[in-house]
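Here's a solo chain for you in structure tokens, the form predicted on its own.
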């Protein structure tokens, strides 16, 4: 849908830009509604440019990502990684006397450590906002006509502020599905999972996307029996097929049961606790808990008034163009609330920068969602940027593909984690030579920390010959990417 901004009705009695007040209404250069990654990034980047910024947040700054999403989830995944490492310590000759180390899990301690990490980051973020003189309002914000924002404070107060520009960044909440009402104990979303004090013995994860696979990894590695139910033909929809096959093999080896193409009918509480999930042709599965992980929906209830001029589509998303402009002039939107946005915190950061640069009149390019970096922290990890092989073929492009397994990487052998590969898709020129790198896909050890060079190559439209000149340290996991690209030039070292 094309977005055509209209001029807002702005009251003439607003205070001067920079935090003045007139008629009891405080005015700011920018009022940001929502304090998650998109919102606080907008506030920090705008304040760094000298703008007077107000930030409205109902809960705590940092939003879902910091308090109930990215950060706590990865903290628990790190707990699982430590558990795996200790469990294999005997392979490195480490144990207690003649015995191997036998790990145990005290998940209450893991929960406390996770909360400590979150609290420290929250404190740091709060300090940053204060240090840049961002005015934080605790409450729920609603955009009214004339660039007015009504704030229903958590203390019961009602405040109105105005902004020369308004940025909508309310974030999202977990989606639910019929037949699986959330009770927070047996049937949970990510919010409740990340507050657990004890691990269930068995769990059904509904949804085989990035978040579902991360939860499946965490539970399985810590000793919980896991079954994934995915409605689509395979897990990790949108990932390259070779990556999906690698993850599927790994999950099977670790006894994570994946039921793809599953049709769920609901569940019924079991007599001795837990519940029984009904699926397929009269099939049932008894589990201690169910985790519903089927994506997130935008939090737009009460976000804008009817006369604010902002268009909300039929799915509840704010309609915005490539520069994050909504249909109302001077009103912008970033993060999960934008339909085209892939609901990634780092993308929200990038969108926030686009907004502030646009407000300042600086040169800016839209975020290219087709080339953003993706990171999935299941085990093995997944990271990618750009086109999959299937997408490039469907687009009618002539391509050449090169794959290199981590099994031949010396650092992977040293750390004892060789599962996975690097796959690079590149353009094939009419003369048979290799042109632009179109996509980089990684699955394996620490690949979420290795994608930088691949992301750079895809977004700068670099050729294989250009990227092959990057010198990789030895021994390092990143050598696998370097070797894969070098092989695309026609002469590789360790890769044929």
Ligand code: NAI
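Numbering follows the first chain given and starts at 1. Computed from a predicted structure; not experimentally measured.
The form predicted together with this ligand is left out here; the points below concern that form.
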Mind checking whether each of 230, 296 and 375 has a heavy atom within 4.5 Å of this ligand in the predicted bound form?
yes
Looking at 304, 352, 211, 338 here, can you tell me which has any non-hydrogen atom within 4.5 angstroms of this ligand in the predicted bound form?
211
Heavy atom within 4.5 Å of this ligand in the predicted bound form, from candidates 207, 330, 380, 72, belongs to 207
Residue 126, heavy atom within 4.5 angstroms of this ligand in the predicted bound form:
no
Indicate whether residue 342 is a 4.5 Å heavy atom neighbour of this ligand in the predicted bound form.
yes
Residue 177 near this ligand in the predicted bound form, any heavy atom under 4.5 Å?
yes
Please check if residue 264 has a heavy atom lying within 4.5 Å of any heavy atom of this ligand in the predicted bound form.
yes
Of 288-296, 108-116, 245-253, 405-413, the segment with heavy atoms within 4.5 Å of this ligand in the predicted bound form is residues 288-296
